[in-house]
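What follows is a single chain, given as structure tokens, in the form predicted on its own.
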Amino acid sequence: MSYSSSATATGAQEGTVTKRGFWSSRLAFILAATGSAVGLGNIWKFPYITGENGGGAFVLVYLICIAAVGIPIMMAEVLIGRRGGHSPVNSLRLITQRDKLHPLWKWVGVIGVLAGFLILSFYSVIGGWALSYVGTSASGQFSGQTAEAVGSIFSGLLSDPMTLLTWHTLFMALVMVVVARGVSSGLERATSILMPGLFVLLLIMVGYAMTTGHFGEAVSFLFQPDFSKLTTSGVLVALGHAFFTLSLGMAVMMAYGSYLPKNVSIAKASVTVSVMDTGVALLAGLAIFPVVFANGLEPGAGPGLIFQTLPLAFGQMPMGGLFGTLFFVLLVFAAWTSGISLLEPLVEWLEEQKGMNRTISTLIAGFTCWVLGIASILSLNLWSDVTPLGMFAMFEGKTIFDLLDYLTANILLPLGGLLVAVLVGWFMSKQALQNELSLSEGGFRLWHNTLKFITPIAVLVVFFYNLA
């Protein structure tokens, strides 16, 4: 089904008549949803948590968790969006009315939209770091530098609020320009360019990694299971990352699902997005670890792997300036596509609820998010000693940046995912679910029972583990 900004979808959403766009094809949805899922978590977090937890055994557990937790919840969220046909909040409001459920269930959408908004406020700051590093690498500032010098470049960036504000502003502007253009001209067109570009850059980086002489070592590290190195903590980290990497619990998949035509299989699309997201994470590992091993660096170096360890490595290698620059362009692409998806649910709600046009909705949502991001910027320097909730033991020492990260990752996202699993698995009309998914009887039972029994327990385990 092709999209037109004035297209009217009559009866496509169980009897409702709405004026809204659709993805032009299944591929368009897959690219957009994969763009949302593929973010800094794939290229930044996955390689270092794999390094910290022993490599191949961790990857195997992670893949099992994607199948048991990630895919069932993604299908449920896309289903809610398509069945409701509106923003996450309004989709849930309509569904609760149709299925005669308690109206409080609509707050699942509110939690997701709020989580995405809060995440984008500090995610934009980190996206700004990546933008900054494109120029830093291209200008050769990492070439031949010591670890201390590379570390001082990063600490110098964090300590300069005006520089951070400039990059934060530029990143938010990039996100807002795309979202303001709508589904077809904005989201779909951007992801149709950025996602193939991201894959090409990633493959170039893997090709470069193969020249380091340590590619085989990286393959063994990633894919050869060593269960003696896998701890209970590592299993829980894999479970948590499987949940967060697919953009679950933040209403994104509900918003994107609301633009999904009825003739597209939710199950096939969700599995494809999950496979592509996991593929990017594994390719990122194959691109990063050979460079790390070639320079005798530590694969479990934590978040500093991207902004300190890798710049040091690129600075010591032939053509490192070029490939270091390409790597940070790749990082910007990943952050950009995720940022677009994080802003979309709020913009979609403002359009519906307040009757605003797309541009005004985007300006209001984006500007508000940009303002909140300033607090995260200041918490890295001028407000570094400000800990608003430091009187509570669990928040002791946490800056505003830390609090936003903790609140979203450890509370709002797992809570949102848990509520989605319970709502769809236990309360929504089973016949309506079967009609939306169009699965075989056996396939539907497998998905439904997993969502009812396995997924909620897994999310609860992650929830309490993170709080502890």
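For every residue, the number given is its place in the sequence shown, counted from 1. On a predicted model such as this, the values are computed, not experimentally measured, just so you know.
The same protein has a further form, the form predicted in complex with a small molecule, not shown here; the description that follows concerns it.
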Going by heavy atom distances of 4.5 angstroms or less, which of 76, 130, 250, 89 would be at the interface with the small molecule in the predicted bound form?
250
Could you spot which one of 259, 289, 123, 171 gets a heavy atom to within 4.5 Å of the small molecule in the predicted bound form?
123
Counting only non-hydrogen atoms and a 4.5 Å threshold, tell me whether 41, 119 and 342 all contact the small molecule in the predicted bound form.
yes
Heavy atoms, 4.5 Å, the small molecule in the predicted bound form: which of 362-370, 237-245, 267-275, 387-395 makes the cut? Say which one.
237-245
Check residue 137 for me: does it contact the small molecule in the predicted bound form (non-hydrogen atoms, 4.5 angstroms)?
no
Going by a heavy atom distance of 4.5 Å, is residue 421 a contact of the small molecule in the predicted bound form?
no
Would residue 37 count as a contact of the small molecule in the predicted bound form, using a 4.5 angstroms cut-off between non-hydrogen atoms?
yes
State yes or no: in the predicted bound form, is some non-hydrogen atom of residue 69 no more than 4.5 angstroms from a non-hydrogen atom of the small molecule?
no
